[in-house]
Every structure is written in structure tokens, then in C-alpha cells.
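Let's start with one chain on its own, the form predicted alone, as C-alpha cells.
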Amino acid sequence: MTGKLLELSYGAALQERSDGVGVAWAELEAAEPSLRDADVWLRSKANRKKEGFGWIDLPHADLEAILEAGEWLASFDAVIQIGIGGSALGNRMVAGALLHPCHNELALAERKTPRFYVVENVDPRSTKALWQMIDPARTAVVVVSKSGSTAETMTNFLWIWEAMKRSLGEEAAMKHLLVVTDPEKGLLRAFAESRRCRSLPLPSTVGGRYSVLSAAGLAASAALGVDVAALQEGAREMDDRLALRSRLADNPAWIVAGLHWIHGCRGRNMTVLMPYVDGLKDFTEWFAQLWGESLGKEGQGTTPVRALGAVDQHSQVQLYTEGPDDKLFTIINVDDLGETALIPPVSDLELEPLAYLGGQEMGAMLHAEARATASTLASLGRPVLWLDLPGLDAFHLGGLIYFYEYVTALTGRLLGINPFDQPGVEQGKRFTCGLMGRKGFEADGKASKEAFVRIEGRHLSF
């Protein structure tokens, strides 16, 4: 597929200012050698097999096994995916962008594919409520964890798996299970091989937050009717085009990464991602993990802020316009919203002041809202990036996913940190294991309790 993948406008993120917090084009140009080095680092064949770099190859991976698993999952009335973080957010993001907004509420004849549920948090009320919504005999369970030891994922899996066995019997329940995990090691790999249930590999070189274009994100998506080949094609096309753009002025990923780096150095320690389409609401959730977990290290990084236009014009834009100048904004506009809805003429006398809306198209108003917010911020000297997508389909979503993965990795390299690890998360995992009594984590449990004493040092019951 050819055509425009996206269009970037960044003039409002470049400003000559006397207060020293603006960013000039010359400064961005000065970063070009660092961006080129970062690009070489990402694309180095020597790095491609290292932990964390595997996502770069996902747009070129064979989809045969994933499509086969998707066809099998599509035979069920419901699919439950158990995961957390990258093993869940990517699926919600793809489903939110490409499925009918009320997919699960549609009758089977209308949706034609399974209902889809994601089990993430270890909230017993939510897990039990979901179980009450499905028929175990007509439900498939997908559990995703590369290590097989993620405490939250495995807690939900143990509960749901036991409930499936009680309902169907172990032998029958095994025919409803798909395991997505490391191809060679870990608890879930041992389980899948021992029980000979269906399984798909999650490459050991791919981190969770970069895994949406692997089996972790594509198996269930294929079952739901998503054109995963087009999703992959969009990512591949984005990769191919970025690889050919060796000049800063021609490469949107270099520009976006460079601007985030320099604005961060100017004290803008937050990045606001604000799409103006409901279908990208879950994209902002996915981006928040990708950006925050990749870049928040060693006292560095910028905090991702999730927003949705035009909804958050009424909840956050007051802060954006008159609060601290500590944010870099990205507005995402989607040209073709997929539907049109004409606003009817006003016929009620009392509503006559609204007559200016009559006969106009609802999507045109959303586009006007996006431009109004961007221009308001720009008029106040706030740095704004404007990203145009031709439409929200599988091809363009795949390109957008890969674009932000690439921008994130580039920015990490500019910051001098590893964008593929998460040491702060690992400490929390160790504390959780210790508090829950896992063997070998006794010292972590003790350390967690000692640290919590500091929190309880001052308290008030009211």
C-alpha cells in the first residue's frame, strides 16, 4: 500500500524566545549528528539479536502461525486475554482503534467475531464480574507473559484457569487455552509443553511494551477481524521510509525525538499526547507506558500525559494554557473519521442561538476543535506538534505504532539511557513477590515492610 502515512507540522515547537526556553531550528540541526548516531545504533545488525531490539524486526516477521491461531480463536463466542502492561495495553489499543466502538454489545450476526475482554488488574470484583459475563464452554483464554512469572498476570490466570477446569474439566479446558510466552524458557513455556496446549512464541528480544506487533497483540486481533497483515504492512512501510530518510529535515521521527530531547532540557518535563478521535483514546494509554517505562530512568525522562480531544478541552486545557510552561504538546488529527453525521437544522425557537451549527458535519466540528486547541496553545507560545493521519485503519495504525516505538527508542539513546529495560518496575515486582511469600524473595519482603514504616510514620484516622 502506498500513500501518506502521516504528516508532521512542527513550526510551533520552534520558537526564538528571549527568556531562553525557546528552541531554534539551529539547535535542532546541531542535534542531527546525535540523531544519526542513534539511528545507526538502532539499526545495527550487531544489536538486532540483543534483548530489547527485537521489535524492529516484527514488521517483517512471518504471520502464518499467528493467523492460524486467530482463526482458531475466532471459532469461540468470547476471547479473554490475560496480561498486564504491554501484554494488555496493545490489545486494547488495537481493538479500540479498529473495532466497532460497542463491539461486545453487538449481536453475533452484527459483530461476526468473538466478544473480547482483557483481564489486567488483580481486582477480584472485576475478575469475578467478567467471569459472570461469559459461557466457559464458548470462551477461549489467552494468557500472555514472556517470563510466566508476572505476579498479576499469573494470579488472574490461576483463578480463571481453575474456574475453566471446574466448568469444563481439565482435558476440555486445555482445548480452550492459548499460551503466548518465551519460546524456550519460563514457567508458562514449561506448562505449555507439559500440557501440550496451543502456544505461540513471544520473542525473547522483544520487551512487553514493544510487543503489540508480535503474537502478544496480533493473535487476538486476528480473531476479532482486524487485518493484521495491513497492520504489519503499515509498520513495515514506516520502517522502510524512515530508513531512507538520512537528513533531519526529511525524517519526522528524528524531528520529534530531537524536539522532545531539547524541550526536556529546557524544563518541559511533560509530553501531552492529545488525539482528536475516540478511536485513539487507548492509544494514549499504550503510549504512556511506552514512553514512561522506556525513558524514566536515572533522573531523566518526561512524564507522559494522556488527553483526548475534544473531551479534555473541558478538563485540562485551562492548565495547558495558563499553567506552567512545562509541557510539549502533540495534537493528532485524523482526516477521515470513517463516519459522517450532519447536525440537523434548529427548529425550536428556544434553541435558535444554535442555528449556526445546523447543516454542518459533526466531524468538521471535531477538526475545528483540534485546530482551535493547537492554535490557542501556539498563540500563547506553548510548543505544539501537529500530526495528521489520513485515516484510522489498520495500515495507518500500524505505521503510527511503529513511528512512536522508533521515536521513543531514539529519544532514549539521546538521553544516554537504555530504552528497553525497566529497573524501577523490577524492584516493585520483587517487593510484591516478597510480600506475597514467594520463596527466595524473603529479603525483598522485609525491605518493603521496612520502607512502608516510613509512610506510616505520620498518619491520621478521621
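The first residue of the shown sequence is 1; numbering continues from there. Everything quoted here is computed from the prediction, not taken from an experiment.
Not on display, but discussed next: the form predicted together with a further copy of the same chain.
By the criterion of a heavy atom within 4.5 Å, Glu350 is counted among the residues contacting a further copy of the same chain in the predicted complex. The closest non-hydrogen atom of Leu35 lies beyond 4.5 Å of a further copy of the same chain in the predicted complex. Contact annotation for Leu177: none of its heavy atoms lies within 4.5 Å of a further copy of the same chain in the predicted complex. In the predicted complex, at least one heavy atom of Lys297 sits within 4.5 Å of a further copy of the same chain. Across the proposed site, Tyr117, Ala129 and Arg438 without exception bring a heavy atom within 4.5 Å of a further copy of the same chain in the predicted complex. In summary, among the residues Cys265, Ala229, Leu168, Val346, the only one with a non-hydrogen atom within 4.5 Å of a further copy of the same chain in the predicted complex is Val346. Contact annotation: of the candidates Ile80, Leu213, Val206, Ala374, the single residue with a non-hydrogen atom within 4.5 angstroms of a further copy of the same chain in the predicted complex is Ala374. Contact with a further copy of the same chain, judged by heavy atoms within 4.5 Å in the predicted complex, is confined among 136-144, 90-98, 67-75, 215-223 to 90-98. Along 268-292, these residues reach a heavy atom to within 4.5 Å of a further copy of the same chain in the predicted complex: Asn269, Met270, Val277, Asp278, Gly279, Lys281, Glu285, Ala288, Gln289, Gly292. Legend note: Cα of Ala223 to Cα of Ala107 is at least 3 Å closer in the predicted complex than in the depicted form. In contrast to the form presented, in the predicted complex the C-alpha positions of Ala216 and Ala107 draw closer by 3 Å or more.
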